[in-house]
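Coming up are structure 1 and structure 2: the same protein chain in two forms, each one given alone as structure tokens.
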Structure 1
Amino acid sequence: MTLIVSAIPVEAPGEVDEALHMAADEVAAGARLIEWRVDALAEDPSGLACILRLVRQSPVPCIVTIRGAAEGGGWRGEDTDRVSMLEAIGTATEGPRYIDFEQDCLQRSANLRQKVLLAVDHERQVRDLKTGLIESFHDFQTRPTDLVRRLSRMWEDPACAVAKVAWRARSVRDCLEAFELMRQAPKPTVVICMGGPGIASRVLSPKFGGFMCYAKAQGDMGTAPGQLTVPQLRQQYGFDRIGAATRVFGVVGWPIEHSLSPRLHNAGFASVGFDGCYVPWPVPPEWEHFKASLSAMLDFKPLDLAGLSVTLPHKEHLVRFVREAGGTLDEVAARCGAANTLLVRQGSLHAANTDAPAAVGALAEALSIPASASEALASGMEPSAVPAGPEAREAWKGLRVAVLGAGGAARAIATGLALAGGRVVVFNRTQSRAEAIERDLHRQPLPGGGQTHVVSGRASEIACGCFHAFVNATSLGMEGGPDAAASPLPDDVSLDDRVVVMDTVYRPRRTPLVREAASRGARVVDGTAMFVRQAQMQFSLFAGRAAPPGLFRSLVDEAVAP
């Protein structure tokens, strides 16, 4: 079982009472160890007495860490003084479960090492001590070139009770190395990839036998980049349920900090009793990064990668990747060259697109078109298989929809609308990209006969007053995106209650486009409508069963303010 450690910094004597209350809250949330980070407190004249009180009154076994400045800590004094304090702490009547000390200091000075060994339990210790040594190394810049050698030395050191290495992840591929090091460990070991690309190394540590996972206290900034809170680990990621057989899913994109997908899918897995965990995998925009990252994840068989949600800017990359790997594509992905879902089944790859039916369904609801039939048509189903199909197609035939954008989402939405029978005009700041969508999609044969109608539009044509709906398929207005304050709709576009404006951006819910369209009298569909639909479809593909009714909608409404 991987222990969750809540790291609580205490900088001054006046903070001790508050820190103890915070520790009690962390234990109530599920922490099994408390790390007292007392770098600055240890330099105070009353520091030792305060630290001993923290140890004595800690609600669960604890770790005491006085981290040196060389490895990101706040201790500015001499190492000899720091070691003397740790010796007093480790040999106290009520000592901590562990003290944490850096490997470099232990190796740099035989004298320091001898003094540290006086404070901890080991095979040559003549006193009956309960305190063990966490021998650690941290690199806040990058992966150290001698990482494996460092960890091997910790494993070989008989005084080392727990080996701990942490480095700032360069990419998600660093997590795979961390997993393999956890699997190889001959003694209790903590391997952490810091930063956003390393979140999976924390969340999935129980799958690979990691001894501890460090969390930040609720409301605290944390002691290392990428730390999650105890509730995030346990409630959002289902940390307690993760085991060796857990199948791994996740979202790939750039950026993905705003994504609600981990919260939704993990809650869904827990609700239906499915042994899966869904984590963020941030991958930079370039094809080379995407190809290298997915290849490494698939090649690392112990990961048990079973599926991925793929978002901006990688939806077209996913189709290319699956094609090159000899995998299969669903109808929409094959037609539009973009997919948002990867399934891994017995070594074979399948790419699917749930964006198209989700967008068509959300828009159909606003336009009073039978949604279920529209979603089926957008998925490439034969009209004869859907009783309301002809009626829905007839309704779409009279509608003109402007799709704003020319990326993977725009391609999928244009394809879905065209399959449903609508007339689609694609607008983009780079005209050539809109024209490329027209070349790929215009006059494709429809499953039930006829042809699709997708054309590119000129900027001057968007204000023609002839569109029944506008769909934003760009990242403009997205929290954390390239321009969170922008709207893709020009001011000269005429809007009233006969026009529907739909956004695909769901964070924030009231994007600049949504606010602007509502103020000008249009019927508005915010990005949560499409997001919830596509997530439910993805969940069905991942888990092989329907998403719990209403769960995803309630979680999104809770997370995204009106």
Structure 2
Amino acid sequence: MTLIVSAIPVEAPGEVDEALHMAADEVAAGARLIEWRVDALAEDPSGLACILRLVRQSPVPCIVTIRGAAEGGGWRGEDTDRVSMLEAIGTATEGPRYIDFEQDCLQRSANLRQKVLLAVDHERQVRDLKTGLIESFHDFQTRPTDLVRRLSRMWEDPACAVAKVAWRARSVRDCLEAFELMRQAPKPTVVICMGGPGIASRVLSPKFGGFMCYAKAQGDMGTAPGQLTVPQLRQQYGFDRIGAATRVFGVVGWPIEHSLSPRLHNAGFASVGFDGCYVPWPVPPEWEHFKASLSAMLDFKPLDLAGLSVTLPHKEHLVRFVREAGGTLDEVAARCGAANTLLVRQGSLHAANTDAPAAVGALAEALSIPASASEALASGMEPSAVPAGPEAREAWKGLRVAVLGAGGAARAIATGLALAGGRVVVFNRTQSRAEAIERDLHRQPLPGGGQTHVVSGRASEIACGCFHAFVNATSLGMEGGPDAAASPLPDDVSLDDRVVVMDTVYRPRRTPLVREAASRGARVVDGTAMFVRQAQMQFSLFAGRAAPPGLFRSLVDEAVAP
């Protein structure tokens, strides 16, 4: 079992009471050990007394760490004074479970090393299970070239009770090396990749036998980049459920720090009792990064990679990757050249696009058309493999839909609507991209024969189209997007309650388009409708069963303000 350690920095004597309260909260949240980071406190004249009190009153066994400035910490004094302090702490009657000492500092002098060993007294460790030495190494810049040699030295050192190495991950591929080192470890070992690309190395440490996982205390900045809180580890990632057989999923994109998908899929896995864990895999925008990261993740068999959500800017890369690997594509992905879901089944790859059936399903519901996607949702089948029923096809045939935008989302939505039988006009700032969608879809007859009804339109013609529905697939109105205050729908478009206006942007939920369309009398569907559906469809592909009814909707409602 991997122990969650909550790291609590204490800088001054006046903070001790608050730190002890914080520790109680961390333990209530599920921390099994507390790390007292006392770099600055140790320099105070009453520092030793305060640290001994923290150790004595710690609600669970604890680690004492005094990190020097050269090691990324706050202690500015001499090494010898630091060692004397740790010696006093380590040999106290009620000592900590561990003291943490940097490998470099230990090796600077044989004398220092001797004193540290005295402080942790290896004999006493064995006899009383009392204070042990965590020998650690941190590189806050990159992966050091001598990483493995350093770790091997810790493994060979009989005085080292726990080996710990942490480095700033350069890419998600560093996590794979971390997993391999955890697997090989002959003694309790902690391997951490710091920073955003390293989150998987923390979350998945129980799968690979990591000894401890460091968390940041709630409300604190954390003591290293990429640390999660105890509730994030346990509730968002299901840390306690992760074991050797857990199958791994995740989201690949750039940026993805604010992705809701880990919260949704992990809650879904927990709710249906599926042994899976879903983590963020940030991969920079270029094809080469995507290809190298996915190849490495698939090649590292112990990862048990079973599926991925793939988001901006990699949806087209996914189709290219799966084609080059000889895998298969669903109907929408093959037609529009973009996919948002990767499935790994017995080593073979399959890419699917759940954006299109999700958008079509959300629109169909608002237009009261029976949707093929909902059948798929209920059955756990691949949504786009389910043909629209004749009744739905008839209904779509009589409807005109304006798709605003010609990026990846617009392309998928136009493809989904074309397959459903709808008549679509694509409008875009850059006209040539709208024309390319028309051209590409026209080249591919519908599965049962016949042409798609997708054309491109000129922006000046939006108001003349007598559309039954408008779908915004531009990034206008999106928080942090090109123009968060703008709406893509011109003022002269007449709206009433027979017209549906659907946004794909879901942050914020009430975009300028949603607000305007509602005030002008249209029936409005906000971007969360498509988001929830595409996630439910992905879940059913990942877990082979339907997402728990209402769960994703309630989590999205909680996370995205109404």
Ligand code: NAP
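Worth saying up front: this structure is predicted, and the values here are computed from it rather than measured. Every residue number counts along structure 1's sequence, beginning with 1. C-alpha atoms forming the largest set that superposes within 1.5 Å between two forms make up the rigid core.
> Looking for the form predicted alone among these two structures; is it 1 or 2?
Structure 1 is the matching one, since it is the form predicted alone.
> If the two forms are fitted on the core, does Phe427 show a Cα displacement reaching 2 angstroms between structure 1 and structure 2?
Yes.
> After superposition on the rigid core, does the Cα atom of Glu516 shift by at least 2 Å between structure 1 and structure 2?
Comparing forms between structure 1 and structure 2, the Glu516 CA shifts at least 2 Å.
> Aligning on the rigid core, do we see the C-alpha of Ala459 shift 2 angstroms or more between structure 1 and structure 2?
Yes, shifts by 2 Å or more.
> By how many angstrom does Phe470 shift at its CA between structure 1 and structure 2 when the core is held fixed?
Its alpha carbon moves by 4.1 Å.
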